[in-house]
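Same chain, two forms, each on its own as structure tokens: structure 1, then structure 2.
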Structure 1
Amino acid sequence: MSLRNKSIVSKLVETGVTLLLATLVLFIIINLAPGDPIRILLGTPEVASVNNQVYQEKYQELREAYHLDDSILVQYVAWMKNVLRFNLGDSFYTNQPVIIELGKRMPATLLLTIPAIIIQLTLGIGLGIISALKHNKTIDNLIRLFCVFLSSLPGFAISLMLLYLFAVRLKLYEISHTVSLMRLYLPTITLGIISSPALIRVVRSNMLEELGKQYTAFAIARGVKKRAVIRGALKNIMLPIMTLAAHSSVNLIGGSVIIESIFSWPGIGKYALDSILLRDYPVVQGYGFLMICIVIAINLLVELGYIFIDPRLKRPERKIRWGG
């Protein structure tokens, strides 16, 4: 087996173990949350007292159905069996399957985050390269000031300022609960801008380091065009850019909770936040499981990308023979 294939198998095994451990931690944390989910599910009886026999029989029946009297490990195994059947449970408030509720809201979140990722990558790579090429000049100082300003303010503060400016003062944005292109541009631009400073810094620092190496000076001395030199330097810093872009994509999906709530965007982030406030545990657990799968999948794709990009892993492993 070649070194590349061994690396792929190793990453797949690591991914499986990580998924199991992450879901176990998630399950334990949700079960340690305060409140009794069965009493939340049943509610408070309007006529009879909470201690009446019918209520207690129904209460005990549901506890047995949800395996709540079993140990955490037994509950986790039962939950994972349902997850493998694509069953994340039913919402306490809508009585609808959680996987259906999340599926209905996922397109809205993807419609928000995918353009935001494109904006982030465009700003991060573009401004990072410009800042490195104009090192210590006015435009470089302005870009660095832009990064400091965005990093010093929390995302919800920037979102509220932009919402007030465009919706209240300029009347250019409609506040509602619908999904439309006219309501998409402001939260998308906001999410893309507030997540770009980290990528700008990484691209700038790596480009400065790469442009300061001897091979770059030698290429310029030979008369190689500046565009070709920049393209070659950018190719050499793709690995750290890929890493940060992957982590930023995860942060964008997770950070969309705040943006969706502020702009009333009906995605899975807003749905999860509303469910937390309502103590709708199956929804919170299903959302957490979905986020874990997204994070692990993105990290796996990045690791596999490293394997295919790294030229040292392209050649098959040679066996060393001792003796003649």
Structure 2
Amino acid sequence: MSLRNKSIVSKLVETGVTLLLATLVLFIIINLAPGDPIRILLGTPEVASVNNQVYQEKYQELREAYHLDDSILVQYVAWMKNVLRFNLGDSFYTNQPVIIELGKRMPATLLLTIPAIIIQLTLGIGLGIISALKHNKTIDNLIRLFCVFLSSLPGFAISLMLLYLFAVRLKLYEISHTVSLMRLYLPTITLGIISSPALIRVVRSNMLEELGKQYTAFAIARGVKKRAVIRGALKNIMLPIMTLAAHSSVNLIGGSVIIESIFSWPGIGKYALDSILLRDYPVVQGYGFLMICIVIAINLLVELGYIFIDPRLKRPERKIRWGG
């Protein structure tokens, strides 16, 4: 077996172990959380009942049907077996396969997050570069104030203000619960703007450092054009930018609950939160599994991106490693 294959195998083993441990921990923790999914599922009758016998029977029956009385480890093994057959179980609440439920919401989430990431990148790189070039001038200070301002306003305030402006005042935006391109722009822009300050900051500080490097000075001394200098510097700082964008995309996929809820955008973040509140174990578990997979996939992409962008990582001794 060649060295390269060996490293691929070890990488695969590592990924497998991560998946296994992460889902196991999630499994244990969600089961430890107070609350009983079956009680929530059965619902409390609006009119309280005197005869609790039938309720108890039904309750026991469902607990057995969902194997909730088995030990957590047994339940976990059963779940894992299903996962290997590409089956994440059925939601307690809707009886639909979790994989379908998540699959239905995933396009909406991607539709929301991918343009938001593009906006974030545009704003981040654009304003970051301007801010660095005009270091300590008025425009730089304005951009920095803007970042601080954005990071001190709660997300719900920004979202509600925009929603009020566009839906009620300007009547340009429709408040409904559907996924359509006409309904996309507002949540996307909001999400993109809210998440941009971190990137602006990273770009600015990296760019400043890059502009302070000797080779930049040499380039300028040799009469290289301004655009080319910026491009070169930008290329050199692609690494941290990409890393940050990749990681923030994970946050945007799973964590834009407030945006999804205020704009009634049927994405997976809100769905996961609702399922957590309902103790819909299979859905929470499926969501955790999906997120882990996304994280691993994004990490892989970032690693590949590193190799593409940074020639240093192409040295032979590096080549065999995918890094951590």
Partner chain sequence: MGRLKVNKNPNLTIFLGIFILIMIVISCTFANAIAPFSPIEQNPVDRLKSPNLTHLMGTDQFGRDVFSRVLYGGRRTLVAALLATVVNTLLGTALGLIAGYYHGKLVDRIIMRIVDCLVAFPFIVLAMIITSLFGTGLVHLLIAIAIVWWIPFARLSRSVTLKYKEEPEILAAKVAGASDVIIMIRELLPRIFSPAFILATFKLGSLILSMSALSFFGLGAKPPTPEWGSMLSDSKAYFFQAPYLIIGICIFIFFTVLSLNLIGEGLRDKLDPFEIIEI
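Residue positions are counted from 1 along structure 1's sequence. Between two forms, the rigid core is defined as the largest C-alpha subset superposing within 1.5 Å. On a predicted model such as this, the values are computed, not experimentally measured, just so you know.
Form predicted alone - which displayed structure it is: That would be structure 1, which is the form predicted alone.
Lys171 C-alpha shift between structures 1 and 2 of 2 Å or more, rigid core reference: The answer is yes; the displacement is at least 2 Å.
Rigid core fit then Leu123 CA moved by 2 Å or more between structures 1 and 2: False for Leu123: its C-alpha shift is below 2 Å.
After fitting the core, Leu160 CA displacement of 2 Å or more between structures 1 and 2: Yes, its C-alpha moves 2 Å or more.
Shift in Å of the C-alpha at Lys58 between structures 1 and 2 after core superposition: For Lys58, the C-alpha ends up 8.1 Å from its position in the other form.
Value in Å for the CA shift of Ala33 between structures 1 and 2, taken after the core is superposed: That residue's C-alpha sits 2.4 Å away in the other form.
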